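Have a look below at one chain only, the form predicted on its own, in structure tokens format.
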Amino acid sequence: MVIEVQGLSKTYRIADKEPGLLGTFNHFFNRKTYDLKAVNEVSFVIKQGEIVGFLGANGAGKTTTLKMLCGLIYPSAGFISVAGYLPQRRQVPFLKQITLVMGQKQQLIWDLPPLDSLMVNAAVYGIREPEARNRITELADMLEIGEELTRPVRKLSLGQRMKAELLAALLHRPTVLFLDEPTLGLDVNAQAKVRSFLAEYNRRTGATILLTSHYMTDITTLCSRVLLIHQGQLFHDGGLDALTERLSPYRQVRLELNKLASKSDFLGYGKLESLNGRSVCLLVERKNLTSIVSRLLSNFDIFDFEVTDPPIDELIGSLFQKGTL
């Protein structure tokens, strides 16, 4: 296993202070605190080459977990092994095998071109200049970024900066990637290019990726497995397709008819979600889908039809509210 986590917990001691000057005065002489468990006995394993989605609402404990996996935060309890190392020791061989990309943070120097920062990174990791330039060229081709590397970072668009940040994070060819909202704030096209790059990087290098994102398209495109966390506790670890089927035993059937129909015409075909002119939307149980679709095609004059799953965003969002399956 590339990543092994057993009983991982992180507790913060929080000051319990009332607002205002009086609250400050009382807190100075009579300090009160309470313990906040940001992560509570989380356990999972990830194999080499897997791309796993790590999902949860804001404040659920995702970023805290990633920081412990990188060794930036020391755990309060539990065991962590990443690529055979204990992250909290921050050993040089361990640091050369991992990278952490945070969509809301940057490592590139604002007033310098990305290429300058990349060469500094190469020197830090002991990569000789000819090899560094070869790696930069290879990654730049995969990311579809070129002349932007010679412009000051402050003059790049958000999408161009994110590509440069990814290049900087992967220059030392890490085998384990921790990605925290890597497409945050990017437009649709930039998000798609970043997703395509990550899939290609995983295919070429066999890198293991743990990904958090609030854009469900990132998860559905890249991940076949998801971890769900709520208030610091992991409550699901499994395949995304199986989770979708478990959350929703129905499929959406959308019809475009050649003739107008009434609500009574669709009795016995499933739950009628909407009927707008010639457009119809039905919810049909998965086990009855084949027979229902066959009856619809036989009994109605249909111009077009489509069978889809209910939106994954809504299904996952309902889980975050409950914190349980």
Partner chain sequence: MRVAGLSPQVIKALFSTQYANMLEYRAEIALWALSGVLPFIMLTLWSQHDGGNSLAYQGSDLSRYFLSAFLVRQFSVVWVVFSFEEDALFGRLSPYILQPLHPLWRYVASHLAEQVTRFPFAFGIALIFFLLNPASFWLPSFWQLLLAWLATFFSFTIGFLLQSLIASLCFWNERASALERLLFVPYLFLSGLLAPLIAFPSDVLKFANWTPFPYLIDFPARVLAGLPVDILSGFLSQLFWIFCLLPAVLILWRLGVRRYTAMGA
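Since we're looking at a predicted model, the values are computed, not measured. Positions refer to the first chain, counted from 1.
Below, we refer to the form predicted in complex with its partner chain, which is not included among the displayed structures.
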Among Thr137, Gln107, Thr205, Asn189, just one has a heavy atom within 4.5 Å of its partner chain in the predicted bound form, namely Gln107
Checked Met142, Leu247, Ile73, Ala83 for heavy atoms within 4.5 Å of its partner chain in the predicted bound form; positive is Ile73
Classify Phe303 as contacting or not contacting its partner chain in the predicted bound form by the rule of any non-hydrogen atom within 4.5 angstroms, answering yes or no.
no
When the contact criterion is heavy atoms within 4.5 Å, does Met119 count as touching its partner chain in the predicted bound form?
yes
Any non-hydrogen atom of Phe25 within 4.5 angstroms of its partner chain in the predicted bound form:
no
Consider His230 of the chain shown here, and say whether it contacts its partner chain in the predicted bound form, taking contact as heavy atoms within 4.5 Å.
no
What stretch, of 123-131, 233-241, 213-221, 194-202, brings heavy atoms to within 4.5 Å of its partner chain in the predicted bound form?
123-131
What residues of 224-254, in sequence order, lie within 4.5 Å of its partner chain in the predicted bound form by heavy atom?
none
